[in-house]
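Given next, in structure tokens, is a single chain: the form predicted on its own.
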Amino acid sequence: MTQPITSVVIVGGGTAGWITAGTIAAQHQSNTDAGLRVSLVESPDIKPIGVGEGTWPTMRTTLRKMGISETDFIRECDVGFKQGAKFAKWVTGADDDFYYHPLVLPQGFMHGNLAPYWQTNGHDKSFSAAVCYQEALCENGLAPKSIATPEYEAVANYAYHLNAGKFSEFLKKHCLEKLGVNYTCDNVTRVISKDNGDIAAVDTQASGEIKGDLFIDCTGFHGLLIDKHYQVPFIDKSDVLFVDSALAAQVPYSSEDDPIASHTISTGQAAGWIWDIGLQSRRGVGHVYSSRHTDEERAAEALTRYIAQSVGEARAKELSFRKIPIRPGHRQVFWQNNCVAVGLSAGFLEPLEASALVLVELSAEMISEQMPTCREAMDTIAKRFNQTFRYRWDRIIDFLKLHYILTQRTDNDFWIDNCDPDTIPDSLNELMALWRYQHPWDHDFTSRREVFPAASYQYVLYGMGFKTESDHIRLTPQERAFAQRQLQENDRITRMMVSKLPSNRALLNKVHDYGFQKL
């Protein structure tokens, strides 16, 4: 129990496995003799899901800590910049119905809340356009920085769209060549246990036993360790989030000069929604839907119609769709004995706010930062990890559900059923009751490191037309003056940014030609 932890074994590759391996290996100097030994065993027969192509801004920090060049990453992983999400046809379903959840905080957010002033003083702009310049950047197809901005630095906060298959191979190469990760390509045939229930080793088909002190399950939906071995129960959340299926397609551009959207586009459909993200060489487009409210044939027809709007009916009908099952929910615990589930083995929710990859990043970060020094310390860290991630999963579920419960759409039972109070978590109902009378702010949440800040809730709530009762709100002269200054400043910054920043495609082309300045 007091022997030091000297080796970590990650079972499963893909994006989750290699992000976890790279995060731990970089921090714990696995490329030195004194460093922590990190090994990854990956089956040659199991292909990654490889659809999750949207990230959070946290990915910039994750890659930088691994010592990865942003220029190399963009060049090799078909990367596009992402500045937020545009939600079209989620409120009324009309052609002009849309709102934004940008990645830049409202102007002056660290010093005051602009929502009360915006809502009580009349407005001719959407909430996000009034308080944040990033909606204008997205609507104009502009990039979040220029070629003169150093690697990972931002003019406007940004994340990435990426080719998941290329990304995992890129990470794998970096981990093996730069970070000292040991690699085994083989099938795990059995799990070998200790008397106390811990995993002692995994046995492989051709490479024998691979021993370790801590095991990380990145085997995706297979859940080889957390599910098959430990049989940790799965908490189904399909009573809250109805989406359980997806059809995915790769859509080529019509020409090399087609604009690349610098945001994820999510367009509401009869029984779900369609994602549309721009990479350098193609778009990733997919339809997620509830099989209780439509069937695969009608979902495919809706996806074809959507794609045909941009490439024509003939080309749209030539595309093949890949079906992906979605079981919304998560494990009852994520760290059992000396095994931690990361990625799809821990759980999965619909890809509405790109939460899958950020949960991988956050998991890998916490494991690495709180790496147990010995087995005796592990149970306390495991308990803390389980509490932290149960809270994070619950908050993500709340936030995803929020996108549905304010809809005015009645064209399909999917939208009607989503507004049923019985399908809304109590924690979200409590917040909605609070926000009827006061505008969201950071003190509404209990964690110091919330997955979504109060600003994110504001963008969705007021983007969808939510009204906070304002009769009782009395802003002081100082608060009114502060708000007026911030809205005027946002107008000024918006005009400046729109006039100076390049298009998304133009910047990506320059990255290929010249690269960013190294930090």
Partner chain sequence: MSEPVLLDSNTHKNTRVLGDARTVVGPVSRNCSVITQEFQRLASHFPVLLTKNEDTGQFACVALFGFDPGENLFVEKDRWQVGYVPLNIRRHPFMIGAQTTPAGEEEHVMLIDMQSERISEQDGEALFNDRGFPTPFTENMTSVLKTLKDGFVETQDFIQALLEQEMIVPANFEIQFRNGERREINGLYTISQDALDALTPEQVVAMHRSGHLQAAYMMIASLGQMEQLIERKNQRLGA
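What you see is a predicted model; the values in this text were computed from it and never measured. Positions refer to the first chain, counted from 1.
Just so it is clear, the following notes concern the form predicted together with the partner chain, a form of the same protein that is not shown.
Think of it this way: in the predicted complex, the partner chain has a heavy atom of just one of Val232, Val91, Ile147, Met432 within 4.5 Å, and the residue is Ile147. Arg505 falls outside the set of residues with a heavy atom inside 4.5 Å of the partner chain in the predicted complex. Taking the partner from elsewhere, Gln517 is found to have a heavy atom lying within 4.5 Å of the partner chain in the predicted complex.
Proximity to the partner chain in the predicted complex, taken as heavy atoms within 4.5 Å, picks out 147 to 155 from the listed stretches 147 to 155, 238 to 246, 328 to 336, 423 to 431.
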